[in-house]
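Below sits a lone chain in structure tokens, taken as the form predicted on its own.
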């Protein structure tokens, strides 16, 4: 079991569990393993790798992450029943440091879901936490919707969970309802009133529905919580979760008033942020704190002048503290493989030889089309290479479009479907519509296009375009992304990427696999 010193705050990352519950943020098995490896390398104390009973895919991912983790404690989520807890243990038991995280909703609204009265729920908490502790020495328990639970009852059930063997008690603000003062007061109240509270670690799990997740988490720490549950980029349901990069950098930059420390290597933040944005299909907003594209940009003349004279006039942290390299030296078609590897390492991207070879081929092709390839181009190139798997069910092999002022616009395409190439042509209301119609004819589906966004990666008419596509089918939401100097090609690949994720989501929610109930979503 992890123990805390007075100033040590443990970082519990739930990007792979709560983050993946964002509509459209489904990750593949390999993507989950990659993100977990990056979190492990960055120094995250606890990785909540998934919800093992949710599907065979979730179980396999949690199990494999448990086997591969070198430093982090690996945690799985389980509802308050023996079947969930047993399945969770089967997945995490392979870890050198496993944890079972079990939860149940304790507020009046959530008690009504399983139709349990206070005494019946208290008994269930005792029985399930005891069962979990008999399997694993490291048990975390959460009263879902804690911030809307009556204080007397919250104290009662927290005490029961501690006596039953919970080593971490997490206090979730499940619907993002609380405010900083209230968040702090709740932790103080529990520490003062609950017998045994000083023997365990209190955690805080905040949602950002009112834009206060980071403030609420830090307030809880100031009151005595020593574990923060968070996600990369604040990814999560609805408005998201507490952002890991925000709480970690807040404690680092303002250590004078928040004298706490974490084990996070902050120089790895930027690469993880970019990778999570890529695999989840959720781009980071430009003005996002810490990792947004504009976080270190200055347009005001007064600000520019001040930064040139003394960077500390308008910057409270250094870009390199989060792994952001400010050198933006262009590379071109004469740049070699060694130069590309060195540049990618500067950007926080370390590729294996076979991955580097694949990226190098695409880099050379891009350099032939663009006069200069900048840092953002390389980041987009690597993300696109990693997102579009060569083994996916649908693959774009060839595309030619005819467009202009006279319609209808036409698309001529070769699409590989499950390894078999098919040739087709179609017309549409514009070249993107025509290309999408080709895909629909070869892979019929009912998915509705909800979002189609195009962003230029860099300046100039030869800039790469990054395209994001969101599809919805029978309640399943998926997001795809791709980048290319040809906007139509990027659009088509993004659409195909989303469809490949939809295929994965269909498998995950096939009859017999889906256990999504109201309480599935946890905290």
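All figures in this text were calculated on a predicted structure; none of them were measured in a lab. Residue numbers count along the first chain shown, from 1.
Just so you know, the form predicted together with a small molecule exists too; it's not on screen, but the next bit is about it.
Enquirer: Could you tell me if residue 103 has a non-hydrogen atom within 4.5 Å of the small molecule in the predicted complex?
Expert: Contact with the small molecule, yes.
Enquirer: Taking heavy atoms only, is residue 274 within 4.5 angstroms of the small molecule in the predicted complex?
Expert: Result no; residue 274 lies far from the small molecule in the predicted complex.
Enquirer: Applying a 4.5 Å heavy atom distance criterion, does residue 242 contact the small molecule in the predicted complex?
Expert: Outside the cut-off, so no.
Enquirer: Spell out, yes or no, whether the shortest heavy atom distance between residue 501 and the small molecule in the predicted complex is within 4.5 Å.
Expert: Residue 501 lies outside the contact set for the small molecule.
Enquirer: 278, 174, 183, 128: which sits within 4.5 Å of the small molecule in the predicted complex by any heavy atom?
Expert: Exactly one listed residue reaches within 4.5 Å, namely 174.
Enquirer: Under a 4.5 angstroms heavy atom criterion, identify the one residue in 154, 439, 95, 144 near the small molecule in the predicted complex.
Expert: Selected option: 144.
Enquirer: Which one of these stretches, 200-208, 214-222, 67-75, 284-292, sits within 4.5 Å of the small molecule in the predicted complex when only heavy atoms are counted?
Expert: Correct option: 200-208.
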